[in-house]
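Consider the single chain below, provided in structure tokens and representing the form predicted on its own.
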């Protein structure tokens, strides 16, 4: 009998657990450990943030589903990793602390044969001074409760604008010099703009995008050249066209370092220190590792063998100039090289380097996006990790035949604005590969132009809405759920 422990129940952790349980016989144990009691379909938080969906539309409780499917579940958070066991416990284990109910505060050591670290990122609001959701007129859409709080603030502002002849400033983008997830902020600003129009207050609002990107449409992927209506177009040209059409202003190369009541302080690449005032702001925080510790059998600290902020996997972490990095440096199996029964798919793995070109301000401050690993890449990497573990258990021989690097993996992103079947517009972008391969595709910015495509229109909005229902269905493991791709 083998025991597989999954830490985290987000897109990566939940996907891995579902595939493991479906394909492994009941004699093998699949156990999920997560501090969260609900699964949430994160991409739809945007609609909660404009009041078009409610939290109940994007979440469901984990425990009843896991009980029905034969998946173990503990509502707890990880305290430390012990990949060699200890003097008293000879199997590897993780130490966890319960966060709910009668067991709250109690620690337990959970042994495993295989461990999947799918804990994702820490939402590091603390890395930007005073950036705390719901304070200083700043909000977040990173979780469903953050998004609901954002809608409350936005709704109050819209109500004030409708009842008076005043004006307002709205600021949306990134809240740290190295924040990632520009795509979520991009989708949110388009939805906010649409909601302002729907409420007939758009002319009263100055809407501004603020980002650590060097150019619009960078998205942490160094931008892209794509086909739009059959013709090549750069992503910065596409986003600039969309923003200009909607009257959205933009501030680029901006590293937000502090917020006060209605005011963001930032440094730009020219080394200037500036401020931007607002009546409502949604700023994506930095993502960081959780600060986990690891110990060997003698209780000696071996954190550096497992973590480099995020978890160390089969990537090339050597120091070399940005220009010398290649797609071959990205991980393929998401397996820790020291402890090969530990894996880290999704956001939990440490990227070997930045995809966007690193840039410093004239004062030496790093201001550029970190690599994105959310959504589709999280699901794909979780499934391949699960497949390798399944093969290893069922064949009795360690398998690493399932591989997938960001350098040979595509992704699709749909930024939809508006809501409903007849109202809305989608900006659909497919990218292949995520990490550009400049040797294979030297003439098109490192990507395959036949697979890197942009499109605008209502059809993309329909797809986005359809995907919401499809992936909620898939996450609930309803009949034939596995036929829906990651």
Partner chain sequence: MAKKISRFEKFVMKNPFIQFYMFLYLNVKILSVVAHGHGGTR
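What you see is a predicted model; the values in this text were computed from it and never measured. Positions refer to the first chain, counted from 1.
In what follows, reference is made to the form predicted together with its partner chain, a form of this protein that is not presented.
Asker: Only one of 291 to 299, 313 to 321, 121 to 129, 89 to 97 has heavy atoms within 4.5 Å of its partner chain in the predicted complex; I'd like to know which.
Answerer: That would be stretch 313 to 321.
Asker: If you check 245, 270, 398, 261 against its partner chain in the predicted complex, which one has a heavy atom within 4.5 Å?
Answerer: The residue in contact is 245.
Asker: Just to confirm, with a 4.5 Å cut-off on non-hydrogen atoms, which of 309, 85, 153, 410 contacts its partner chain in the predicted complex?
Answerer: If I apply the 4.5 Å criterion carefully, the residue I get is 410.
Asker: Would residue 351 count as touching its partner chain in the predicted complex under a 4.5 Å heavy atom rule?
Answerer: Output for residue 351 is no: heavy atoms all beyond 4.5 Å of its partner chain.
Asker: Is residue 74 part of the interface with its partner chain in the predicted complex - any heavy atom within 4.5 Å?
Answerer: Outside the cut-off, so no.
Asker: With the cut-off set at 4.5 Å between non-hydrogen atoms, does residue 405 touch its partner chain in the predicted complex?
Answerer: Taking the distances in the predicted complex, the answer for residue 405 is yes, it comes within 4.5 Å of its partner chain.
Asker: Taking any heavy atom pair closer than or equal to 4.5 Å as contact, tell me whether residue 453 reaches its partner chain in the predicted complex.
Answerer: Contact check for residue 453: yes, within 4.5 Å of its partner chain in the predicted complex.
Asker: Report whether all of 240, 376 and 431 sit within 4.5 Å of its partner chain in the predicted complex, measuring from non-hydrogen atoms.
Answerer: Yes, because 240, 376 and 431 each have a heavy atom that approaches its partner chain to within 4.5 Å in the predicted complex.
Asker: Out of 366 to 384, which residues reach within 4.5 Å of its partner chain in the predicted complex, heavy atoms considered?
Answerer: In sequence order, 376, 380, 384 come within 4.5 Å of the partner.
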